[in-house]
Ligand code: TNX
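Given as C-alpha cells, the chain that follows is alone and in the form predicted alone.
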C-alpha cells in the first residue's frame, strides 16, 4: 500500500531553469543487466530507453523520516560530490530487506518497506551510478527495474580482535568496506586466550591484565565502553548490527589471568601469547563464575541494541562434557534474561538448546542437524568455505590452512542449503565469514585476506542460488576489484581474475 512519497534531496543552491544541453550520449550504454553489480540482484528487467541524469554539487538536507533519511545520508557520504533528483517511496508490500529501483524518463524512484530495504537500495544505486559514469558528473543510465531481496536475512562478517587487537578507527574502515556489499552483521570476537578487549565496569583487571597482550607478545589493547558504543552506532548507520562475543567456557585464559578466582581451584595462570587452543576453562562449578558472566552480559547487552549475544562455546577441550552441557544451558538463560538471543559455535548443539538459540556451523554438520531437529536456526560458517583467515593457496603471504586452502572459486561455488545433509534454506538464518587474526596485524592484512573473497560470500548469502553463475561473477568481480583499488582497498590478485 502506498504510504508516502517524499522528494529525496533539497538543493540549497538555486538551479538554473535553463539547464545546459546534455553531453552526447555514449555509443554503448550498458543495459542494467550488464552492469557489474555485486551481489547480483534477484531480478533485473531491462527497458528500451536510455535516459540522461544530470548530477549536481551542493548540500543535502536528509528527510526526518529515518527510513529514508539514513539511506540519503549513506549515499551522500559515499558519493559526497553528487546529488541526483531521486524519489523515495515507502510501501508495506515489501519484505524485510527488499527494495525496487525504477529507472525511466530521467527519473529514479526507490521503493522499500523499511530502513534496511532503503539502505540496500542505495547500496545498489551507488554501484549503478559508479559503473554508469556518474563520478564524472553526468550520466546516462539504461532504463529498467531492479527488484531485489536477500536470500538470507543474516549476512555477516566476523573480526577477531582478541588474538590481535584493532583500534576503533580500523574497525570503522572495515565497516565501510563490508557495508557496501550488503553485509548486515558484524560479529566482534572480543575475548580469547590471548586477550580481553572490552571494558567491564567493576572488573578493572580484565583490561589492566587481560588486554595487555596479544599473539606474539606485542602490546594488545581494548575498547572503552564509550568507544564500543560509538562503534555500534557507526555500524548501525551503515546498516550493520554488531554482535559481541565473549567466548566461554574455553578460550578464557585472558580472563583467568586477570581473575584467577574464575579458574579451577583459583589457580593463577600467566598471560598467553601463543595460538594453541583448547587448554583453558572457567570453573563451571563456581557460583562466582556465573555472577561474573551475568555482569558481563548485562553490560554488553546494554551497550549493544542488536538482538544477539554470542557465547562462544567452541573447542572447550579442558571442560568435562557434562560440565560443558550444564554450563551452556545456564549461560543461554543468562543471555535470554538480558533480552538477547544466544548464538554459539556448533558445539553448543550438544546442550539442551533454548528456544531461539542460533547454532553457528563451523565444523560439525551433525550439530546443525541437531539444531534443526530442536527447531533452532542455523548460521552457516563452514571453515572450508567461509574462514577468511585460511590461505588462498601456497603462495599466500599470511593466513593458515588447517581447514583448507580457500581460493576465490571455492568461496563462491557452494550452496548453503546443501552444506549439511537435511538442512534447507528454511533452516538457515544466513551465512557469516569469520576472519581469525593469528596472522593478521594491520588493515592491509585484513584487506588481503578479506577481498575479494568476501564479495563471493556476500553473493552466496544474497543472490538466489539459481541466479549465481561463476563466469558471470568473475566478469563482474574484475570491475569491482578495480573500483576497490581506487578506494584504497587492498585486494588479493587471484589468477581467476585474469
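All values reported here derive from a predicted model rather than from experimental measurement. Residue numbers count along the first chain shown, from 1.
Just so it is clear, the following notes concern the form predicted together with the named molecule, a form of the same protein that is not shown.
Screening 387, 157, 309, 327 for any heavy atom within 4.5 Å of the named molecule in the model of the complex leaves a single hit, 387. A heavy atom within 4.5 Å of the named molecule in the model of the complex is found for exactly one of 34, 438, 46, 65: 438. By the criterion of a heavy atom within 4.5 Å, residue 99 is excluded from the residues contacting the named molecule in the model of the complex. Not displayed here, the named molecule is approached by residue 314 to within 4.5 Å at the level of heavy atoms in the model of the complex. Within 4.5 Å of some heavy atom of the named molecule in the model of the complex lies at least one heavy atom of residue 362. Shown alone here, residue 277 lies within 4.5 Å of the named molecule in the model of the complex, counting heavy atoms only. From the list 372-380, 398-406, 266-274, 73-81, the contact stretch for the named molecule in the model of the complex under a 4.5 Å heavy atom rule is 398-406. Taking the partner from elsewhere, every residue among 163, 251 and 345 has a non-hydrogen atom within 4.5 angstroms of the named molecule in the model of the complex.
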